[in-house]
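Only one chain comes next, encoded as C-alpha coordinates, the form predicted on its own.
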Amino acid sequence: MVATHPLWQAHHDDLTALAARGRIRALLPRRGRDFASNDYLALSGAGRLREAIGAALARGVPAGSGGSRLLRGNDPEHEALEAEAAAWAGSETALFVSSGYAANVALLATLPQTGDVIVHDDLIHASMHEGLRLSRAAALPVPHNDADTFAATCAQWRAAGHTGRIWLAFETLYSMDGDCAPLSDLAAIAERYDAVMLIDEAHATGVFGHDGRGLAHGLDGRADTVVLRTCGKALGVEGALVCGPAVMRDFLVNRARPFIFSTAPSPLMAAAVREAIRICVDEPQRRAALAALSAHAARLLTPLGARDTGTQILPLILGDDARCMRVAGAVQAAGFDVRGIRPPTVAPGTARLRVSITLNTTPADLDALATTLQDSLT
(Lines give C-alpha, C1' and ligand atoms only; values in the text may rest on other atoms or scores of the structure.)
Protein backbone atom coordinates (compact mmCIF):
# COMPACT_ATOMS: atom_id res chain seq x y z
CA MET A 1 0.00 0.00 0.00
CA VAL A 2 1.16 3.57 -0.69
CA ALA A 3 2.53 5.83 2.05
CA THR A 4 0.09 8.13 3.78
CA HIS A 5 0.01 11.31 5.85
CA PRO A 6 1.02 10.82 9.51
CA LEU A 7 -2.49 11.81 10.60
CA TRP A 8 -3.75 8.61 8.98
CA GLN A 9 -0.84 6.30 9.83
CA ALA A 10 -2.76 4.14 12.33
CA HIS A 11 -5.53 3.55 9.81
CA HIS A 12 -2.96 2.81 7.11
CA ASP A 13 -1.26 0.28 9.38
CA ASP A 14 -4.58 -1.41 10.12
CA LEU A 15 -5.33 -1.75 6.41
CA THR A 16 -1.80 -3.08 5.79
CA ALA A 17 -2.35 -5.74 8.44
CA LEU A 18 -5.66 -6.72 6.83
CA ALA A 19 -3.95 -7.06 3.47
CA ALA A 20 -1.22 -9.25 4.96
CA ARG A 21 -3.88 -11.61 6.31
CA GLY A 22 -5.74 -11.77 3.00
CA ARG A 23 -8.70 -9.82 4.37
CA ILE A 24 -8.50 -6.46 2.62
CA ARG A 25 -11.73 -5.42 0.94
CA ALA A 26 -12.33 -3.30 -2.12
CA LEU A 27 -15.34 -2.19 -4.12
CA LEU A 28 -15.64 -4.16 -7.34
CA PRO A 29 -17.90 -3.41 -10.32
CA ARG A 30 -20.62 -5.76 -11.43
CA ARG A 31 -19.25 -8.16 -13.98
CA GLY A 32 -19.99 -11.70 -15.05
CA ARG A 33 -23.04 -13.81 -14.43
CA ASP A 34 -24.81 -13.05 -11.17
CA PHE A 35 -24.05 -15.56 -8.43
CA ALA A 36 -23.43 -12.92 -5.76
CA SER A 37 -26.46 -10.67 -5.41
CA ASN A 38 -29.57 -10.98 -3.26
CA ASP A 39 -31.81 -10.11 -6.23
CA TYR A 40 -33.27 -13.58 -5.93
CA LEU A 41 -36.42 -13.04 -8.01
CA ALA A 42 -34.70 -10.73 -10.55
CA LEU A 43 -37.09 -7.94 -9.63
CA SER A 44 -34.53 -5.12 -9.49
CA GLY A 45 -34.75 -4.71 -13.27
CA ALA A 46 -38.35 -5.85 -13.70
CA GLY A 47 -40.48 -3.90 -16.15
CA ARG A 48 -43.34 -3.63 -13.71
CA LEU A 49 -41.13 -1.84 -11.19
CA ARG A 50 -39.89 0.62 -13.80
CA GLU A 51 -43.45 1.28 -14.86
CA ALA A 52 -44.58 1.77 -11.25
CA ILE A 53 -41.85 4.32 -10.64
CA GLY A 54 -42.68 6.08 -13.90
CA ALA A 55 -46.35 6.18 -13.00
CA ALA A 56 -45.52 7.55 -9.55
CA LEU A 57 -43.43 10.32 -11.09
CA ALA A 58 -46.25 11.11 -13.51
CA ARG A 59 -48.74 11.57 -10.67
CA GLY A 60 -46.37 13.89 -8.85
CA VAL A 61 -44.71 11.66 -6.27
CA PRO A 62 -41.43 13.36 -5.24
CA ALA A 63 -38.04 11.70 -5.53
CA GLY A 64 -37.01 12.83 -2.06
CA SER A 65 -38.95 13.02 1.19
CA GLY A 66 -37.40 16.27 2.38
CA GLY A 67 -37.15 15.33 6.03
CA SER A 68 -37.78 12.74 8.71
CA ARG A 69 -41.16 11.05 8.93
CA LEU A 70 -41.93 13.09 12.06
CA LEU A 71 -41.29 16.37 10.29
CA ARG A 72 -42.48 16.93 6.72
CA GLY A 73 -41.11 13.69 5.31
CA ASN A 74 -44.21 11.56 5.88
CA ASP A 75 -45.60 11.06 2.38
CA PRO A 76 -48.94 9.45 1.44
CA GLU A 77 -46.89 6.81 -0.43
CA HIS A 78 -45.30 5.71 2.83
CA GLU A 79 -48.66 5.30 4.49
CA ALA A 80 -50.19 3.53 1.49
CA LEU A 81 -47.30 1.08 1.46
CA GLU A 82 -47.59 0.41 5.18
CA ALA A 83 -51.30 -0.32 4.88
CA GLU A 84 -50.78 -2.69 1.94
CA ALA A 85 -47.78 -4.36 3.57
CA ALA A 86 -49.68 -5.04 6.79
CA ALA A 87 -52.56 -6.57 4.82
CA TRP A 88 -50.11 -8.66 2.77
CA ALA A 89 -48.19 -9.87 5.81
CA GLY A 90 -51.27 -10.44 7.97
CA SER A 91 -49.89 -8.19 10.71
CA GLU A 92 -51.70 -5.48 12.64
CA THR A 93 -49.40 -2.76 11.34
CA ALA A 94 -46.21 -2.14 9.36
CA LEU A 95 -43.57 0.59 9.51
CA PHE A 96 -41.42 1.48 6.49
CA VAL A 97 -37.83 2.43 7.33
CA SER A 98 -34.74 3.24 5.30
CA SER A 99 -32.92 -0.10 5.48
CA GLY A 100 -32.87 -3.49 7.14
CA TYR A 101 -29.74 -2.47 9.03
CA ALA A 102 -31.44 0.61 10.48
CA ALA A 103 -34.54 -1.43 11.31
CA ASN A 104 -32.63 -4.10 13.22
CA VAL A 105 -30.66 -1.50 15.15
CA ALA A 106 -33.92 0.25 16.02
CA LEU A 107 -35.68 -2.93 17.12
CA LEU A 108 -32.93 -4.27 19.38
CA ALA A 109 -31.91 -0.90 20.80
CA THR A 110 -35.44 0.35 21.44
CA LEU A 111 -37.95 -2.38 22.27
CA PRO A 112 -36.18 -4.40 25.02
CA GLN A 113 -36.05 -2.44 28.27
CA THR A 114 -33.85 -2.31 31.37
CA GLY A 115 -34.27 -5.58 33.23
CA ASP A 116 -35.15 -7.53 30.09
CA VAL A 117 -32.95 -10.08 28.33
CA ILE A 118 -32.35 -10.75 24.63
CA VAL A 119 -31.62 -14.41 23.93
CA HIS A 120 -30.14 -14.50 20.45
CA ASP A 121 -28.71 -16.87 17.90
CA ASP A 122 -24.92 -16.68 17.58
CA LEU A 123 -25.16 -15.95 13.86
CA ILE A 124 -27.61 -13.06 13.82
CA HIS A 125 -26.70 -10.27 11.41
CA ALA A 126 -24.22 -7.50 12.28
CA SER A 127 -27.13 -5.05 12.39
CA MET A 128 -28.72 -7.03 15.22
CA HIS A 129 -25.40 -7.11 17.06
CA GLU A 130 -25.20 -3.33 16.73
CA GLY A 131 -28.69 -3.10 18.24
CA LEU A 132 -27.55 -5.36 21.08
CA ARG A 133 -24.60 -3.06 21.73
CA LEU A 134 -26.97 -0.10 22.11
CA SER A 135 -29.66 -1.93 24.06
CA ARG A 136 -30.45 -1.42 27.74
CA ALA A 137 -31.27 -5.11 28.08
CA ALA A 138 -28.86 -7.95 28.82
CA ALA A 139 -27.89 -10.24 25.95
CA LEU A 140 -27.30 -13.99 26.04
CA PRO A 141 -25.99 -15.80 22.93
CA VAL A 142 -27.12 -19.28 21.96
CA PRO A 143 -25.33 -21.71 19.61
CA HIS A 144 -26.64 -21.47 16.07
CA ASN A 145 -30.11 -22.95 15.55
CA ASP A 146 -30.01 -24.75 18.92
CA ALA A 147 -33.63 -24.63 20.08
CA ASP A 148 -32.91 -26.70 23.20
CA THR A 149 -30.34 -24.16 24.39
CA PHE A 150 -32.75 -21.32 23.61
CA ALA A 151 -35.26 -22.98 25.94
CA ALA A 152 -32.69 -23.80 28.60
CA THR A 153 -31.34 -20.24 28.58
CA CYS A 154 -34.83 -18.84 29.06
CA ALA A 155 -35.52 -21.29 31.89
CA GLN A 156 -32.21 -20.52 33.65
CA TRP A 157 -32.77 -16.78 33.41
CA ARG A 158 -36.23 -17.09 34.97
CA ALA A 159 -34.93 -19.50 37.62
CA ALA A 160 -32.35 -16.87 38.61
CA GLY A 161 -35.24 -14.65 39.68
CA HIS A 162 -35.39 -12.26 36.74
CA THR A 163 -38.85 -10.86 36.06
CA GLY A 164 -38.27 -8.80 32.94
CA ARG A 165 -39.35 -9.62 29.40
CA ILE A 166 -37.52 -12.24 27.36
CA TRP A 167 -36.86 -11.35 23.72
CA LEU A 168 -35.80 -14.00 21.21
CA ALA A 169 -33.74 -12.65 18.30
CA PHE A 170 -33.03 -14.77 15.25
CA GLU A 171 -33.19 -14.95 11.47
CA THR A 172 -35.33 -17.37 9.55
CA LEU A 173 -32.80 -17.86 6.73
CA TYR A 174 -29.14 -17.16 7.44
CA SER A 175 -27.36 -15.28 4.70
CA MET A 176 -23.93 -16.88 4.96
CA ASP A 177 -24.90 -20.44 5.86
CA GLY A 178 -28.13 -20.68 3.87
CA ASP A 179 -29.86 -22.71 6.58
CA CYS A 180 -33.17 -22.06 8.31
CA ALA A 181 -34.13 -21.54 11.94
CA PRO A 182 -36.19 -24.14 13.83
CA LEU A 183 -39.09 -21.76 13.64
CA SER A 184 -41.88 -23.86 15.15
CA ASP A 185 -39.68 -24.77 18.12
CA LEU A 186 -38.75 -21.13 18.73
CA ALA A 187 -42.38 -20.05 18.49
CA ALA A 188 -43.30 -22.67 21.09
CA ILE A 189 -40.49 -21.43 23.35
CA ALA A 190 -41.76 -17.87 23.02
CA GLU A 191 -45.22 -18.99 24.06
CA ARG A 192 -43.90 -21.07 26.98
CA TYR A 193 -41.80 -18.25 28.45
CA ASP A 194 -44.05 -15.32 27.55
CA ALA A 195 -41.32 -14.01 25.26
CA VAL A 196 -41.41 -11.78 22.20
CA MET A 197 -39.77 -12.89 18.96
CA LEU A 198 -37.76 -10.42 16.88
CA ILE A 199 -37.56 -12.23 13.55
CA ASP A 200 -35.36 -11.16 10.64
CA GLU A 201 -36.84 -12.41 7.36
CA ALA A 202 -34.36 -10.55 5.13
CA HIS A 203 -33.41 -13.50 2.92
CA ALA A 204 -36.74 -15.32 3.08
CA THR A 205 -39.05 -12.45 2.14
CA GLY A 206 -40.36 -12.89 -1.39
CA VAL A 207 -38.77 -16.34 -1.72
CA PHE A 208 -40.81 -18.46 0.69
CA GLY A 209 -44.29 -18.51 2.15
CA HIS A 210 -47.75 -17.72 0.88
CA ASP A 211 -47.54 -14.80 -1.58
CA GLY A 212 -43.84 -14.47 -0.72
CA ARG A 213 -44.47 -13.44 2.87
CA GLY A 214 -41.48 -15.47 4.12
CA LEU A 215 -40.91 -18.45 6.36
CA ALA A 216 -42.52 -16.76 9.38
CA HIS A 217 -45.74 -15.92 7.56
CA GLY A 218 -47.86 -18.11 9.83
CA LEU A 219 -46.80 -16.13 12.91
CA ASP A 220 -47.91 -12.67 11.77
CA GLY A 221 -50.70 -11.23 13.86
CA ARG A 222 -49.48 -12.81 17.10
CA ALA A 223 -48.85 -10.42 19.97
CA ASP A 224 -45.46 -12.05 20.57
CA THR A 225 -44.14 -11.59 17.02
CA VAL A 226 -42.28 -8.76 15.29
CA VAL A 227 -41.07 -9.53 11.77
CA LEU A 228 -38.56 -7.57 9.74
CA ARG A 229 -38.98 -7.91 5.97
CA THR A 230 -36.31 -6.14 3.96
CA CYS A 231 -37.12 -4.72 0.55
CA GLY A 232 -33.64 -4.64 -0.98
CA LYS A 233 -33.20 -8.34 -1.61
CA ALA A 234 -35.87 -10.49 -3.30
CA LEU A 235 -38.23 -7.48 -3.54
CA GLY A 236 -35.64 -5.77 -5.72
CA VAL A 237 -35.77 -2.22 -4.34
CA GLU A 238 -34.70 -0.83 -0.93
CA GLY A 239 -35.89 -0.13 2.58
CA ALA A 240 -37.45 -2.42 5.16
CA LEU A 241 -40.84 -3.18 6.65
CA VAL A 242 -41.26 -3.85 10.37
CA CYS A 243 -44.49 -5.82 10.82
CA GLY A 244 -46.16 -6.38 14.16
CA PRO A 245 -48.58 -5.04 16.79
CA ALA A 246 -49.75 -1.44 16.60
CA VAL A 247 -48.21 -0.58 19.98
CA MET A 248 -44.84 -1.73 18.65
CA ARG A 249 -45.12 0.65 15.70
CA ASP A 250 -46.16 3.56 17.90
CA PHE A 251 -43.30 2.89 20.30
CA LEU A 252 -40.74 2.88 17.49
CA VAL A 253 -42.14 6.11 16.06
CA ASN A 254 -41.75 7.75 19.48
CA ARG A 255 -38.57 6.13 20.78
CA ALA A 256 -36.44 4.63 17.97
CA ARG A 257 -33.59 7.04 17.25
CA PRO A 258 -32.66 5.45 13.88
CA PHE A 259 -36.23 6.19 12.76
CA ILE A 260 -36.79 9.56 14.42
CA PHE A 261 -33.52 11.15 13.31
CA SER A 262 -33.26 9.76 9.76
CA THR A 263 -34.55 11.36 6.61
CA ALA A 264 -37.53 9.33 5.44
CA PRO A 265 -37.07 6.89 2.55
CA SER A 266 -37.84 8.15 -0.94
CA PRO A 267 -41.58 8.14 -1.65
CA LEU A 268 -40.68 6.69 -5.06
CA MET A 269 -39.17 3.68 -3.27
CA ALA A 270 -42.39 3.28 -1.29
CA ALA A 271 -44.32 3.15 -4.57
CA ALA A 272 -41.83 0.63 -5.94
CA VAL A 273 -42.11 -1.61 -2.87
CA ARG A 274 -45.89 -1.62 -3.22
CA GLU A 275 -45.49 -2.90 -6.77
CA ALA A 276 -42.89 -5.48 -5.72
CA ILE A 277 -45.33 -6.90 -3.16
CA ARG A 278 -48.00 -7.09 -5.86
CA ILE A 279 -45.58 -8.94 -8.13
CA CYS A 280 -44.97 -11.47 -5.36
CA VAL A 281 -48.71 -12.05 -5.15
CA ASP A 282 -49.36 -12.04 -8.91
CA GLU A 283 -46.36 -14.05 -10.10
CA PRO A 284 -45.81 -17.15 -7.94
CA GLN A 285 -44.01 -18.69 -10.91
CA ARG A 286 -40.96 -16.66 -9.96
CA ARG A 287 -40.69 -18.49 -6.64
CA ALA A 288 -41.25 -21.82 -8.34
CA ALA A 289 -38.55 -21.09 -10.91
CA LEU A 290 -36.11 -20.06 -8.19
CA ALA A 291 -36.80 -23.23 -6.21
CA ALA A 292 -36.15 -25.36 -9.29
CA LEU A 293 -32.94 -23.47 -10.10
CA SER A 294 -31.75 -23.79 -6.49
CA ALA A 295 -32.37 -27.54 -6.54
CA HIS A 296 -30.40 -27.81 -9.80
CA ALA A 297 -27.56 -25.85 -8.19
CA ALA A 298 -27.51 -28.21 -5.21
CA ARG A 299 -27.26 -31.25 -7.48
CA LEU A 300 -24.27 -29.73 -9.25
CA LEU A 301 -22.41 -28.08 -6.39
CA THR A 302 -22.79 -30.41 -3.40
CA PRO A 303 -20.44 -32.98 -5.01
CA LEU A 304 -17.86 -30.15 -5.05
CA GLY A 305 -18.29 -29.52 -1.33
CA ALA A 306 -21.12 -26.98 -1.18
CA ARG A 307 -23.79 -27.44 1.45
CA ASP A 308 -27.21 -28.51 0.24
CA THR A 309 -29.22 -26.06 2.31
CA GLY A 310 -32.56 -26.45 0.58
CA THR A 311 -32.51 -22.71 -0.07
CA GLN A 312 -31.15 -20.29 -2.68
CA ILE A 313 -27.90 -19.79 -0.71
CA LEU A 314 -25.22 -22.46 -1.03
CA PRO A 315 -21.97 -21.92 0.91
CA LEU A 316 -18.80 -23.67 -0.23
CA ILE A 317 -16.53 -23.51 2.81
CA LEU A 318 -12.83 -23.50 1.94
CA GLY A 319 -11.44 -22.50 5.34
CA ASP A 320 -8.30 -20.60 4.44
CA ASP A 321 -8.79 -16.92 3.59
CA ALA A 322 -6.11 -16.77 0.88
CA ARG A 323 -7.31 -19.94 -0.84
CA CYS A 324 -10.88 -18.67 -0.75
CA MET A 325 -9.90 -15.47 -2.54
CA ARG A 326 -7.74 -17.31 -5.08
CA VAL A 327 -10.62 -19.56 -6.05
CA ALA A 328 -13.03 -16.63 -6.13
CA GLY A 329 -10.65 -14.73 -8.39
CA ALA A 330 -10.33 -17.65 -10.78
CA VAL A 331 -14.09 -18.09 -10.98
CA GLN A 332 -14.61 -14.37 -11.52
CA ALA A 333 -11.99 -14.31 -14.26
CA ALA A 334 -13.99 -17.02 -16.03
CA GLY A 335 -17.08 -14.79 -16.06
CA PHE A 336 -18.95 -15.80 -12.90
CA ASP A 337 -19.59 -13.26 -10.14
CA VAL A 338 -19.05 -15.40 -7.06
CA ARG A 339 -17.65 -13.58 -4.04
CA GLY A 340 -15.33 -14.86 -1.33
CA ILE A 341 -16.54 -14.26 2.23
CA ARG A 342 -13.94 -14.00 4.98
CA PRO A 343 -13.80 -13.20 8.68
CA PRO A 344 -15.10 -11.22 10.47
CA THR A 345 -18.25 -11.70 8.37
CA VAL A 346 -17.90 -15.42 9.08
CA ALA A 347 -16.03 -17.25 11.82
CA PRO A 348 -12.25 -17.69 11.54
CA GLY A 349 -11.34 -20.79 9.57
CA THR A 350 -14.64 -20.80 7.65
CA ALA A 351 -13.85 -18.53 4.68
CA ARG A 352 -16.18 -19.51 1.88
CA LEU A 353 -17.63 -18.91 -1.51
CA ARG A 354 -21.23 -17.81 -1.10
CA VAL A 355 -23.08 -19.03 -4.18
CA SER A 356 -26.32 -17.09 -4.45
CA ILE A 357 -28.95 -18.41 -6.84
CA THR A 358 -31.07 -15.80 -8.59
CA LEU A 359 -33.35 -15.67 -11.60
CA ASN A 360 -30.71 -13.53 -13.28
CA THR A 361 -29.04 -16.81 -14.29
CA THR A 362 -30.04 -20.00 -16.12
CA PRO A 363 -29.47 -23.75 -15.72
CA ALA A 364 -26.84 -23.49 -18.44
CA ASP A 365 -25.04 -20.81 -16.43
CA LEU A 366 -25.04 -23.15 -13.45
CA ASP A 367 -23.66 -26.01 -15.51
CA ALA A 368 -20.79 -23.79 -16.67
CA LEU A 369 -20.16 -22.51 -13.14
CA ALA A 370 -19.91 -26.05 -11.79
CA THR A 371 -17.33 -26.96 -14.42
CA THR A 372 -15.29 -23.85 -13.67
CA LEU A 373 -15.45 -24.45 -9.91
CA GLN A 374 -14.34 -28.03 -10.32
CA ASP A 375 -11.28 -26.88 -12.28
CA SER A 376 -10.53 -24.04 -9.85
CA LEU A 377 -10.73 -26.21 -6.72
CA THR A 378 -8.19 -28.76 -7.92
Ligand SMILES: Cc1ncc(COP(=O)(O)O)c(C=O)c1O
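Model, not experiment: these values are computed from the prediction. A residue's number is simply how far along the shown sequence it sits, counting from 1.
From this point on, the text means the form predicted together with the ligand, which you will not see here.
- Between the options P258, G239, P267, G212, the residue in contact with the ligand in the predicted bound form by a heavy atom within 4.5 angstroms is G239.
- Between the ligand and the residues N145, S99, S262, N74, the one pair within 4.5 Å by heavy atoms in the predicted bound form involves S99.
- Although the partner is absent here, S91 lies well away from the ligand in the predicted bound form, with no heavy atom inside 4.5 Å.
- The ligand in the predicted bound form comes within 4.5 Å of a heavy atom belonging to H125.
- Mapping the unseen interface onto this chain, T149 falls outside it, with no heavy atom inside 4.5 Å of the ligand in the predicted bound form.
- Taking the partner from the other structure, the ligand in the predicted bound form has a heavy atom within 4.5 Å of a heavy atom of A202.
- Picking from 112 to 120, 277 to 285, 216 to 224, 125 to 133 the stretch near the ligand in the predicted bound form, with a 4.5 Å limit on heavy atoms, gives 125 to 133.
- Counting a residue when any of its non-hydrogen atoms is within 4.5 Å of the ligand in the predicted bound form, the hits in 154 to 189 run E171, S175.
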